[in-house]
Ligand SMILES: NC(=O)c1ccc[n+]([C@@H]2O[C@H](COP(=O)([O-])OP(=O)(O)OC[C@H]3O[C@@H](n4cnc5c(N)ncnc54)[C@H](O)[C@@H]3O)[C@@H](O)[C@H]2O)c1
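Heads up, the chain below is alone and in the form predicted alone; it's given as structure tokens.
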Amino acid sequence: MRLAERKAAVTGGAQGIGEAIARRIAREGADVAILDINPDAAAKTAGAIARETGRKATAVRVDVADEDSVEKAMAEAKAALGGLDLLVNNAGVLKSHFIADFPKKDWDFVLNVNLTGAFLCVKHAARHMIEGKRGSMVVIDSRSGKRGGLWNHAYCASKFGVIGLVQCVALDLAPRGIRINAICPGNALDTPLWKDLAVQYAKKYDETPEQVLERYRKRVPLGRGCDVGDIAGLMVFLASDESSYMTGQAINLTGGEIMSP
């Protein structure tokens, strides 16, 4: 119970990595708010967590790219849980195109959700944590924040940007006793984002989505995709007091595919 009595908000928490993280947070003793743009899916996940763990779980609709929505959602989460001292910023999207064909609307969409969304969620969660004089934030970034990828211009730009954001926020909040770190997962092949990516890439490679996923699996020295449980386990460490001397870090979780700082 490494997160006993913590009050956590998880963005993009209705499915995939966010859902796995929210479930793990509750099992570690925290109450959790599922923040998602899909309120029905968020409510379903929150209900399941409450039944399975006995912890308080609530659903809050949020559009992370809209500041009014984020500000309201963080306030609702705090009110429902009785506090807010843990943020897991997980919401993310991906669009891939050849550079000469990349639509600006897709560029804007990815940057607005992944980078501006991270900024807004961190900003408004920080206000509540400063008031409470404690807190930890974990941002789910990507291996694409460490290395460029084919057709991934907007996604990589947003994820590189998030690492810079995390480093700056760490300096801002360290004197307040609030920490922030990022996780850079590799090929999380069973998640909705990666399944959507496989469909996008299948058309470009003239392969099936299953062949695309296998292509990426073979690139990993440990021979498998990044499981959501791998991400949730590292998240718990970074959120807990066990990592109390760590802030501003972007940790690779790539099965050996990326070993750079």
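All residue numbers refer to positions in the sequence shown, first residue = 1. Here the structure is a predicted model, which means the values were calculated and not measured.
Not on display, but discussed next: the form predicted together with this ligand.
K.L.:
In the predicted complex, does each residue in the set Ile17, Val113 and Tyr155 place a non-hydrogen atom within 4.5 angstroms of this ligand?
P.N.:
Verified in the predicted complex; spot residues all in contact, yes.
K.L.:
Between the options Asp63, Glu207, Glu214, Asp227, which residue brings a heavy atom to within 4.5 Å of this ligand in the predicted complex?
P.N.:
Contact check passes for Asp63.
K.L.:
Of these, Ala48, Leu234, Ala202, Ile37, which has a heavy atom no more than 4.5 Å from this ligand in the predicted complex?
P.N.:
Spelling it out, the residue with a heavy atom inside the cut-off is Ile37.
K.L.:
In the predicted complex, which of 178-186, 122-130, 99-107, 77-85 comes within 4.5 Å of this ligand (heavy atoms)?
P.N.:
It is 178-186 that comes within 4.5 Å of the partner.
K.L.:
Taking heavy atoms only, is Asn90 within 4.5 angstroms of this ligand in the predicted complex?
P.N.:
Within the cut-off, so yes.
K.L.:
Looking in the predicted complex, any heavy atom of Ser142 within 4.5 Å of this ligand?
P.N.:
Judged by the heavy-atom cut-off of 4.5 Å, Ser142 is in contact with this ligand in the predicted complex.
K.L.:
Would you classify Ala43 as touching this ligand in the predicted complex, given a 4.5 Å non-hydrogen atom cut-off?
P.N.:
No.
K.L.:
Under a 4.5 Å heavy atom criterion, is Pro192 part of the interface with this ligand in the predicted complex?
P.N.:
Close contact exists here: in the predicted complex, Pro192 approaches this ligand to within 4.5 Å, heavy atoms only.
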